[in-house]
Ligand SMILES: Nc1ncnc2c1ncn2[C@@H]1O[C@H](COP(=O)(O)OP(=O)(O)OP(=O)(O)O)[C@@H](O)[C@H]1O
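This document starts with one chain, in the form predicted on its own, laid out as structure tokens.
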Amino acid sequence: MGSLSFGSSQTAIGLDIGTEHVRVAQVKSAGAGFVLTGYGRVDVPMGAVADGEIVDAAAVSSAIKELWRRSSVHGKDVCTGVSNQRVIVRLIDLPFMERGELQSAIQYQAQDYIPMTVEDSILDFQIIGDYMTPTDEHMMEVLLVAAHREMIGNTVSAVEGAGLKLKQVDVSSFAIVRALMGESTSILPDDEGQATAIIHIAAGLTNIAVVERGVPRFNRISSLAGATFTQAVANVLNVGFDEAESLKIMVGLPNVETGEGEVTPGVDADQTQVIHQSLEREVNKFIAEVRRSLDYYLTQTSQVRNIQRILLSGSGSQLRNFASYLEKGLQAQVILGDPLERIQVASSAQQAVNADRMGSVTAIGLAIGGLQS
């Protein structure tokens, strides 16, 4: 949905370019479902990707080459995703017209809805549905996607610099929804007046999406993410980032109800308390950010009254007791989203993907999108 295609086969490769890692997933069709046949992850040099944008295309190309050497993935055609402040997703209402007319009209209409010039953007759209107004005007609801041309160009350079061919550029949040919910909401059926939120916490960015009747109707990017929590621990303990990351994972958050934490071997009680306090401060900021985003969505829609279900995913979601804090702070049921629930995994990919289960969401969703395009 909303993908910017540059090119269907029975096999597709999803390439997720993140702040700290590049990940690849190879998926093939199997009857009505999918099989993950290859998976891999390697580190990205620090600073090569910032705020979801590729800064150093050559460094990213090198990381992708290393990824292909280490993984069991075969093939050159890839589907990648973009997720940053220069990717705009908007639901807009337009007078009803045929798709051919819309293709031309969107070039003129888009400028009213995006903060970039149309000339600097690559546009795509999907018709969500049509309806009649109380005054019998025939209208249509359109999902508009705009991505900054230069940003897409940097992505193309990084992929082609690794000797690969870019088949499709997708919006990462759409890939996340696809991996966790499929093309329907059957795992979380939408009741009238409700919607499902997805919070995907990666190292450098958090994607906040709202899905209503199977359609991602809202998307917001936040810079409060896994690395934010790690840096907070590094600052209060005056230790390096890698050490802070290990301590964050080992200690985690205390029990949200009792305030007590688990005993962590090698970490004394005073240090544990400092880590708990630091993480709680950051989580409270994170909850406030998510609440503002969801409240904004609710003010923009007349059909949804509340959001009672949240799917939590991404490598940053594994922080101990994090889901409990979100449940209490957002007053919603929080479910850990598992991308492997909806897909079979070949033996050749099991070890690699299980070691990065929560981080694999986007790459898997991108590959599935490549099969469906």
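Small disclaimer: the values here were computed from a predicted structure and weren't measured. Just count from 1 along the sequence shown to find any residue number.
What comes next is about the form predicted in complex with this ligand, which does not appear here.
*Asks:* If you check Gln318, Ser62, Ser324, Ser348 against this ligand in the model of the complex, which one has a heavy atom within 4.5 Å?
*Replies:* Of Gln318, Ser62, Ser324, Ser348, the residue with a heavy atom within 4.5 Å of this ligand in the model of the complex is Gln318.
*Asks:* Within 4.5 Å of this ligand in the model of the complex, heavy atoms considered, which of Ala162, Val233, Val89, Ala203?
*Replies:* Looking at Ala162, Val233, Val89, Ala203 one by one, just Ala203 meets the 4.5 Å heavy-atom criterion.
*Asks:* Okay, which stretch from 151-159, 124-132, 67-75, 219-227 lines this ligand in the model of the complex, with non-hydrogen atoms inside 4.5 Å?
*Replies:* The contacting stretch here is 219-227.
*Asks:* Evaluate Ile249 for contact with this ligand in the model of the complex, applying a 4.5 angstroms cut-off between non-hydrogen atoms, and reply yes or no.
*Replies:* Contact with this ligand, yes.
*Asks:* Closest heavy atom of Thr11 to this ligand in the model of the complex, within 4.5 Å or not?
*Replies:* So Thr11 does not count as contacting this ligand.
*Asks:* Is there a heavy atom of Glu245 no more than 4.5 Å from a heavy atom of this ligand in the model of the complex?
*Replies:* Answer yes; at least one heavy atom of Glu245 falls within 4.5 Å of this ligand in the model of the complex.
*Asks:* May I ask you to list the residues of 23-54 that have any heavy atom within 4.5 angstroms of this ligand in the model of the complex, in sequence order?
*Replies:* The stretch 23-54, when checked against this ligand in the model of the complex, contributes only Arg23 at the 4.5 Å heavy-atom cut-off.
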